[in-house]
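Presented below, as structure tokens, is a lone chain in the form predicted alone.
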Amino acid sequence: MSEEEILNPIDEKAVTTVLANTRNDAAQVRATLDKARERKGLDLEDAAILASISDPELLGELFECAKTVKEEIYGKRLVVFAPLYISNLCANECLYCAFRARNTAVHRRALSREEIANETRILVNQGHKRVLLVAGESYPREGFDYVLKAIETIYGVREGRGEIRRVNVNVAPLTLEEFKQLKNTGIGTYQLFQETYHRGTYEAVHLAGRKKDYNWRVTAPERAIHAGIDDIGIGVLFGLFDWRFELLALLQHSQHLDACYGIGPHTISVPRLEPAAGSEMATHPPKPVSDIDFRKIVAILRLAVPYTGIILSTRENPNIRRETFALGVSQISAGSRTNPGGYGDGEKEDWSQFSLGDHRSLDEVVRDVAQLGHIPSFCTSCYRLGRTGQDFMDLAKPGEIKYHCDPNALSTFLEYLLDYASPETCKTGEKLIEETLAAMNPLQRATSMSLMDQVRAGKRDVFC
């Protein structure tokens, strides 16, 4: 299939019609939640019914249902990663983003290979095992090769027992040939946000640059799939348009990928607009999303696309992050910086893409997560064993992936405790490991203990 043959998967009229025609009562809501408990996903009408909930009792039932489905599929683990911004150069003019080309409030910087290696070493010495490489949508003189060399540099860093085992990537949409080059670097997930699926809003907030082309962006995940990248991440920047429309369009996009390729999105991200230097729109979102509606978004996505990983970034403050962990979130960033060089030079607002809501260190986040009863996981085993794309979906959709996730989460968590954690975090983590093992079935417990015995004996990067 050529690039020209990939068509826009979003039917805007269908989404608006569903929203206009949806009416619900308590019986409809509860029938929809009963359907969601089967873990087979929801259609647009189901999601619209749940999006309209306002009754506190029904909200409680929605949140409890999402918690149950999340734990049945993924267990209690939360995958931890860090973004690694290598450049804030950009050729686009996106009104909500500090990196936009004409914004003079931001200092521009593209890290050298040596600087990228230094940032990587800092993350490795904190205990990170996976990073999300992020770059503005323009590159230094070498063009796209800059990204390919950056990935090579990150993978090449070794510090003591530590290394980055998986690089996920969030960069501008690529041609089919460029996606093939990206695939050959050994990345994990290719992540790209449409920002808004509402075409009128999209055109109003993207004034210049290649990003102004709605179709080029929305079809990028399919070009990536045709190039052999079978783990795709999608998302929306909530706050640009009505969150109900965006939620249903996200679901429509997910269903399209699943129907056409048998692999829905590996991850869905749910960022909200946050203040950004030089952007009035980011400070005052056109369609702000309340905290309660944000929690609804996470819960509904967990029920509508139960197999996907839901990513929550440090845009959100610690309290919102804690509240959403139980509602469906399965991956979180921690100790993040959104300015190039931020791990070495510190957080700088006038270099950053947006303001952070959670400024805590990795160790503080890990301890907090463990105190809440969730297992901080640094696992990358699925990528190592080829459990990607269809193979991953075959395990995730019926809820069998947790039988791999839980033991691998414990072994990588133990690695972190032994090699990087503070004494206080070690104490909290060891207690959680004991409690988690006690609640496992005998086979899972035996597998987990075998992996952890190897870690305690000095081996690293063990998995099942």
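All residue numbers are counted from 1 along the displayed sequence. In this text, all values refer to a predicted model and were calculated from it rather than measured experimentally.
One more form of this protein should be noted, the form predicted together with ligand SAM, which is absent from this view; the next part is about it.
Non-hydrogen atom within 4.5 angstroms of ligand SAM in the predicted complex for each of 127, 312 and 369: No residue of the spot touches ligand SAM in the predicted complex.
Interface segment, criterion being heavy atoms within 4.5 Å of ligand SAM in the predicted complex, picked from 145-153, 245-253, 297-305, 268-276: So the stretch in question is 268-276.
Partner proximity in the predicted complex: residue 134 to ligand SAM, non-hydrogen atom cutoff 4.5 Å: Flag for residue 134 set to yes.
Contact label in the predicted complex: residue 201 to ligand SAM, heavy atom within 4.5 Å: Because no heavy atom of residue 201 falls inside 4.5 Å of ligand SAM in the predicted complex, the answer is no.
Partner proximity in the predicted complex: residue 97 to ligand SAM, non-hydrogen atom cutoff 4.5 Å: Flag for residue 97 set to yes.
Non-hydrogen atom contact residue 217 with ligand SAM in the predicted complex at 4.5 angstroms: It does: once ligand SAM is placed as it appears in the predicted complex, residue 217 has a heavy atom within 4.5 Å of it.
Sole residue of 343, 179, 85, 81 within 4.5 Å of ligand SAM in the predicted complex, by heavy atom: Here the answer is residue option 85.
Contacting member of 171, 111, 332, 187, with respect to ligand SAM in the predicted complex [4.5 Å, heavy atom]: Exactly one residue meets the criterion: 171.
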